[in-house]
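Only one chain is given next, in structure tokens, and it is the form predicted on its own.
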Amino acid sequence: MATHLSYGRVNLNVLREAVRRELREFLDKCAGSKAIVWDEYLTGPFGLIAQYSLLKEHEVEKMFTLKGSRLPAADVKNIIFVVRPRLELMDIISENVLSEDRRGPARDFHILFVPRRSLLCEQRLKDLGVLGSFIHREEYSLDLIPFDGDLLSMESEGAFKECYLESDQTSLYHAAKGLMTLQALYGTIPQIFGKGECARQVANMMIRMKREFTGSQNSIFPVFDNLLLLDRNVDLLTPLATQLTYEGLIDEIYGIQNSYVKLPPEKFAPKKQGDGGKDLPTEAKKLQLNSAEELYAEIRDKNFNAVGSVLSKKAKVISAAFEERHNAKTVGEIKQFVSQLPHMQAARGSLANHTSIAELIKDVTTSEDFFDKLTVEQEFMSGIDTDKVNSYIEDCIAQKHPLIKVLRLVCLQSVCNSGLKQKVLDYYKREILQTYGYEHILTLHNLEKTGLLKPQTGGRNTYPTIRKTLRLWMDDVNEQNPTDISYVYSGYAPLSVRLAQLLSRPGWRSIEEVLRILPGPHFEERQPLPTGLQKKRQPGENRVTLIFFLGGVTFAEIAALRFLSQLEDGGTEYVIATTKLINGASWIESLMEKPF
């Protein structure tokens, strides 16, 4: 059992166990010893649901990464390819299979598509003459992966680009399938709310899938009260801004992949007396970040400026606890101290790690450039000088700062001005292409197509109306003891989370005007429940809302939703699902065309 998945109102271990069971059943179909050949992208998500020990129990002896030419030697009966349905991967698999055939003893080949089988891929294998070599060709519907007690992600890296650039609805279908799986395990969700074109499509798919399965009535008592489907393009602003929570900054600076982060090792080397800094480790320090770690659960969602005081308080508590050993006189007292020792040592190790991470982040956040960039972002978000060329962005381009940083700022200015004046937009485009190379013209086209960087049409900037109505900018933010979600960006309240907050209380009728300005339809659907399953809420009992971000969500938005869940009189607890955990850099990068 993964204890960190069961602390909330919804026990996500149920989902984890269901997907583990499906994996075990497939492995048992392939009798005998096995080697798994992994599509490299899948190793991270799979690590969250099945450790090597589980695979070992089912006779998995070897694991390889999918690469061209021959497979490494392995004395096993079965070779299982676990891959995403991508044509380029089929070419590599066929190369592997054909080189095995010439090699000697016959092996049984199997292929497991994640999350769906694909006729195109099977046709490609057939054209390459290897389809007949596979005994089992199956799909493993790993749609939603539990990351934490209130967080699920599909980890579909191309979802936003597919939906908004390529009009490809595959990831929306997978989202609908994932939601159907959740309903099979946790009961039908009585009310569905949504905003955006993709949200409408997912809701339609869910309703259609439910109609197709009319034969079986879902008799599970519903755990969720509401589902809120939100398109990422309803709120393009939030991911572009720099996140200022502890977890958000770790992701901005180092990148969190499947709840792991790789950090520079020198901060974590044990300091020995008279060592003079010899033999510093060269391999990155890899740490898992989730709420199983007590200290991380406490500080992850705080504004970074509030983390230092928590760490110093913790240090005092831990050193006082270790001092207790001098007061232990009787055998009973000593025994009690010894029994607490492992927990205390773990707490001390955790504190040392997070103190080192906080120092690394502080080096960045106290730099002059970070401050300048943040100042410009906050000016844009509060509506200052969004309609003319910004001198800081000009300087960044002139000094050839990383292109992603420049694009984030230009897109932020565009979104905060409902598009840029044609003259300003043309100037930025010309400067970027002349400095970074003309191959980036395709990237600029992509950003324009998704609405991130566009000319202002109709001559009216609607952002101030949205900002004022939804109270997106708060001047006096208490970062230490926040009273509003705007603490996650030190002033800016994420638009997406504000929509969720207003839906819960007083309802979206109060903001009809703004909902009409924001892209895509807004809607409400009811899913009837069989008699006997209607929920009678106890006085003081919170509603549980599942909020699904189609196109990605940031850690700062997650922190803001957790803040709302913990409010005394909030009335709603949130479980968050998404197509992908993103930050501004990874999001812009997913829209960049790779130069040939």
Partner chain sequence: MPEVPGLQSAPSCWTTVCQDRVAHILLAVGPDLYLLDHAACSAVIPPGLAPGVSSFLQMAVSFTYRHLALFTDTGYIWMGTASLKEKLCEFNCNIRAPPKQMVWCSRPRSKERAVVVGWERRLMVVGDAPEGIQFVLDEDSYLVPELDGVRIFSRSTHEFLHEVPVASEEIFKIASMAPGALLLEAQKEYEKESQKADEYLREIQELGQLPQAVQQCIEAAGHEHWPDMQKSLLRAASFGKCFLDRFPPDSFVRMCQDLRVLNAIRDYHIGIPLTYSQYKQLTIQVLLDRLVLRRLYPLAIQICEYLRLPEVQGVSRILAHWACYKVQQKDVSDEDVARAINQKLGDTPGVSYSDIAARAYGCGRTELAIKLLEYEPRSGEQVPLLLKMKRSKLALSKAIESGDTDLVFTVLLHLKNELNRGDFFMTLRNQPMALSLYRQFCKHQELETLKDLYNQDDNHQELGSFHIRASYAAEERIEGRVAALQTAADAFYKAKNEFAAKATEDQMRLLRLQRRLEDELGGRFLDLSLHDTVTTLILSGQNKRAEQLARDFRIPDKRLWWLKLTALADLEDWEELEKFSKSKKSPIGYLPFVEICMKQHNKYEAKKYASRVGPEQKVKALLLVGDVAQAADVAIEHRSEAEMSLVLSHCTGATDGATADKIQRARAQAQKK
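Numbering follows the first chain given and starts at 1. This one's a predicted model, so the numbers in the text were calculated from it and none came from an experiment.
Although it is not shown, the form predicted together with its partner chain is what the next lines describe.
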So in the predicted complex, does residue 169 come within 4.5 Å of its partner chain, heavy atom to heavy atom?
-> yes
For residue 119, is any heavy atom within 4.5 Å of its partner chain in the predicted complex, or not?
-> yes
Does any heavy atom of residue 314 come within 4.5 Å of a heavy atom of its partner chain in the predicted complex?
-> no
Is residue 282 close enough to touch its partner chain in the predicted complex, meaning at least one heavy atom pair within 4.5 Å?
-> no
Heavy atoms within 4.5 Å of its partner chain in the predicted complex: which stretch among 68 to 76, 221 to 229, 348 to 356, 203 to 211?
-> 203 to 211
Are all three residues 397, 434 and 439 in contact with its partner chain in the predicted complex, where contact means a non-hydrogen atom within 4.5 Å?
-> yes
The listed residue (426, 387, 333, 138) that reaches within 4.5 Å of its partner chain in the predicted complex by any heavy atom is 426
Note: exactly one of 267, 445, 460, 505 sits with a heavy atom within 4.5 Å of its partner chain in the predicted complex, namely 445
Relative to its partner chain in the predicted complex, which residues of 359 to 394 have a heavy atom no more than 4.5 Å away?
-> 368, 391, 394
